[in-house]
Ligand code: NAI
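Shown here is one chain on its own, the form predicted on its own, set out as structure tokens.
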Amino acid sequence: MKRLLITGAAGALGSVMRDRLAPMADILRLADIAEIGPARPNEEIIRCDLADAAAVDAMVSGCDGILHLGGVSVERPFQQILGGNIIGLYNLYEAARAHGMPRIIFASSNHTIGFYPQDARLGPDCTFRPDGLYGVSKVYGEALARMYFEKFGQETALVRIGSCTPEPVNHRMLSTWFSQGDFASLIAAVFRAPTLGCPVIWGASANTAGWWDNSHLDWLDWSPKDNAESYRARLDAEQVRPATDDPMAQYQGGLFTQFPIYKENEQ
């Protein structure tokens, strides 16, 4: 690609992908509402509030592909989620439509299905069971992306990210872990595919204890390489397993199922 846009580039995952995806495009355009720092060679830095339609239009202009990690990434009061995840996503898709419809990778979430029990095996067509307002915003994002595909042909990979961390840090992550290397290889596969459409992709590594079925993606020429199982012995030695009635052992969304509906003056 000539120019790859990464939104949410100041965040933990955006910072990692900034390094890993540098060879993928002549120019990385890094955008966030927060401070990113100085541009490196072959980078462009943009401060952008996703709720500002004009700023988003300028951010998207000239880009060949978009990795959309921006917006609120945890449970927050509705007004905070509204700007980045609802209004902001609409602004992103309108900007993409105005600028040649570059292919988008949308960072959806396992919290779209968080109230499923951990003994359920899920395919891409399962009914949504969001575990909070954040999860609801990602359900909206998937629906918006699907509408733009059906109506205009805008291609998007809907990646329901599990736990994209350097290593699993608890027993639930033995099922949800998505290694950063596997995510980077998925991004490469999505952008090199001749035709994408608007597929749901479970963002998880090849975990022995995994809950999600990606067998519908044979055509994508992507297979995760890492497996959280290699961390099980260490976690067993360092942590007590949660009780069977603990949400961390009951629900695929873990603690998100127990969070309250936060008000604007609460966290």
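Note that residue numbering begins at 1 and tracks the sequence as displayed. Quick caveat: nothing in here was measured; it's all calculated off a predicted structure.
Omitted here: the form predicted together with this ligand. The next part is about that form.
Student: Consider the chain as shown here, without its partner, and state which of Asn91, Thr156, Ser179, Ser109 has a heavy atom within 4.5 Å of this ligand in the model of the complex.
Tutor: The residue from Asn91, Thr156, Ser179, Ser109 that makes the contact is Ser109.
Student: Have a look at Val72, Ala193, Leu186, Leu144 for me and say which one sits with a heavy atom within 4.5 Å of this ligand in the model of the complex.
Tutor: None of the others qualify; the residue that does is Val72.
Student: Does at least one non-hydrogen atom of Ala12 fall within 4.5 angstroms of this ligand in the model of the complex?
Tutor: Taking the distances in the model of the complex, the answer for Ala12 is yes, it comes within 4.5 Å of this ligand.
Student: Do Gly132 and this ligand share at least one heavy atom pair within 4.5 Å in the model of the complex?
Tutor: Contact check for Gly132: no, nothing within 4.5 Å of this ligand in the model of the complex.
Student: Contact between Gly84 and this ligand in the model of the complex at 4.5 Å, heavy atoms?
Tutor: The answer is yes: Gly84 has a heavy atom within 4.5 Å of this ligand.
Student: With a cut-off of 4.5 Å between heavy atoms, is Cys48 one of the residues that contacts this ligand in the model of the complex?
Tutor: Residue-level check for Cys48: yes, a contact with this ligand.
Student: Exactly one stretch in 194-202, 31-39, 237-245, 218-226 has heavy atoms within 4.5 Å of this ligand in the model of the complex; which is it?
Tutor: After filtering at 4.5 Å, what remains is 31-39.
Student: Scan 161-194 and write down, in order along the chain, each residue with a heavy atom lying within 4.5 Å of this ligand in the model of the complex.
Tutor: The stretch 161-194, when checked against this ligand in the model of the complex, contributes Ile161, Gly162, Ser163, Cys164 at the 4.5 Å heavy-atom cut-off.
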